[in-house]
Every structure is written in C-alpha cells, then in structure tokens.
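Before any questions on binding or motion, here is one chain by itself as structure tokens, the form predicted alone.
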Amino acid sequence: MALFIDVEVDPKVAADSELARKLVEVCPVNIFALGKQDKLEVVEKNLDECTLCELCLAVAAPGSVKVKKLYGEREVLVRRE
C-alpha cells in the first residue's frame, strides 16, 4: 500500500490500449502495467517509487492523470494544458 504517493488515471485513459502502452513505456519506476485486454493498471506496490518526473502527465490529456502527494501540503500534480 502506498504511503506517500497516489496516482489516479481517468478510466477512459486506462481503457485506451495505445495510451496505456505509452504510460507503461514512459514510467521509469513501473507504476503502470498492462492488464487484461491491454487495459492500464496502477501497480500499487510501486507507487512510492514515483520520482515526480511528470512523464506520465506529459503523454496523457490534461487532467486525465493525477499524481497526488499524500504528505506535506498534499499537492496534486496534473497537466493543465
């Protein structure tokens, strides 16, 4: 279970196999994986490995992927435009 980071992905993004593959490809710490029918899954055991690189935010549509810090000011990283 994640202690410091959570990631939310819009269900439409998770169901888009092409976008799901891109998210898996860009994440340097394997937070994303492909599940059944190439649907995106978040690998919870890897969430705290997030380096806040924002590569996942760059490949998805604005607001469709959110990286939440569960500590400090609980900032939410999201691509705005």
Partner chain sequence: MRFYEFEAKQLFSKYGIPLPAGSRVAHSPEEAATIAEEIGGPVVLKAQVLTGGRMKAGGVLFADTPSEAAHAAEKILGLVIKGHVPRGVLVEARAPVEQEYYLGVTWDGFARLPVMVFSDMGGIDVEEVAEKHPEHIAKRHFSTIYPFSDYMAKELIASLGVSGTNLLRLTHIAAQLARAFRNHSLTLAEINPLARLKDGRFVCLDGHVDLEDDARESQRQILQELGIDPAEKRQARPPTEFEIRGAEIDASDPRGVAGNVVEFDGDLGLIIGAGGGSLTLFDAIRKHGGRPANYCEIGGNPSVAKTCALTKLILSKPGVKKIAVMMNVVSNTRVDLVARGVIKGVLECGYKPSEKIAIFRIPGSWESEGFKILKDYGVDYCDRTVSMYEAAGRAVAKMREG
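These figures come from a predicted structure and were not determined experimentally. Positions refer to the first chain, counted from 1.
Only in words, not in the display: the form predicted in complex with the partner chain, which the text now covers.
| query | Is the gap between Val29 and the partner chain in the predicted bound form 4.5 Å or less for some heavy atom pair? | reply | Close contact exists here: in the predicted bound form, Val29 approaches the partner chain to within 4.5 Å, heavy atoms only.
| said: Check Val76 for me: does it contact the partner chain in the predicted bound form (non-hydrogen atoms, 4.5 angstroms)? | reply: Val76 lies outside the contact set for the partner chain.
| field | Non-hydrogen atom contact Asp38 with the partner chain in the predicted bound form at 4.5 angstroms | value | Asp38: no contact with the partner chain in the predicted bound form.
| query | in the predicted bound form, does Val24 have a heavy atom within 4.5 Å of the partner chain? | reply | Val24: no, not in contact with the partner chain in the predicted bound form.
| Across 53-73, which residues bring a heavy atom to within 4.5 Å of the partner chain in the predicted bound form? | Those in contact are Lys69, Leu70, Tyr71, Gly72, Glu73.
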